[in-house]
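In structure tokens, the next block holds one chain alone, the form predicted alone.
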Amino acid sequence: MNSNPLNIFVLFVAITAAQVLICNHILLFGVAVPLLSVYFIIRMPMSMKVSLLLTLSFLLGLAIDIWSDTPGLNALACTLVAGIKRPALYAYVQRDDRVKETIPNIATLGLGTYCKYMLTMVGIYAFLVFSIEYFSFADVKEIVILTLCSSLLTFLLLLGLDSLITVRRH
């Protein structure tokens, strides 16, 4: 995937459809929900302006909220995660000109760095979704269990998806 507008639009539509039509209807073992929508934010180019990333992430969350009847939950979570995208990546790589022009994936970051980055983003997104959904910390144990299990399921699905669509250059 490159950063041309058509590819971004196709990814936006595909992620929204997959989340709304498939993932929202899966509850694995009563504790794990796949949250594929965070993949859109993870895969956006680092060169994308923050304002555009925040806007697209908000629209993604809003589209999922409209089709899922969850007013504002995903819009807020997607926007907050988009806001921490750069600091999350820069926690694992050095800030230099090569990173500023990259699209985060296995091929550009390497498996170890990409896994740490993706797990961080997925974990934060899952925590935000379940914290906002419960809107209370009275059920901390359930929020933690849902966050951990959903993060693991989502991480494994996204790692598999990314390894399928990433073009490796030799």
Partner chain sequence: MRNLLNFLMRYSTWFVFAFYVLVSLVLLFSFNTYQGAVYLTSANAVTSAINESTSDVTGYFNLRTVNEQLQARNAALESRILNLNNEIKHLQTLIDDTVRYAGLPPRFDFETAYVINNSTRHPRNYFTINRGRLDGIEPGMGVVDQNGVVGIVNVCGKHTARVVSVLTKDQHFSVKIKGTAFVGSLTWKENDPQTAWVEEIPRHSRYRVGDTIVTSGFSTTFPEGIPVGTIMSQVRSNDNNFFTLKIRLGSDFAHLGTVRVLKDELKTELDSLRTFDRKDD
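Residue numbers count along the first chain shown, from 1. In this text the structure is predicted, and so the values were computed from the model without any measurement.
Below: the form predicted in complex with the partner chain, not depicted.
Proximity of A91, F127 and T147 to the partner chain in the predicted complex is absent: no residue of the three has a non-hydrogen atom within 4.5 angstroms.
With a 4.5 Å cutoff on heavy atoms, L54 counts as touching the partner chain in the predicted complex. Within 4.5 Å of some heavy atom of the partner chain in the predicted complex lies at least one heavy atom of F58. Contact annotation for L62: at least one heavy atom lies within 4.5 Å of the partner chain in the predicted complex. Looking at L27, you'd find a heavy atom of it within 4.5 angstroms of the partner chain in the predicted complex.
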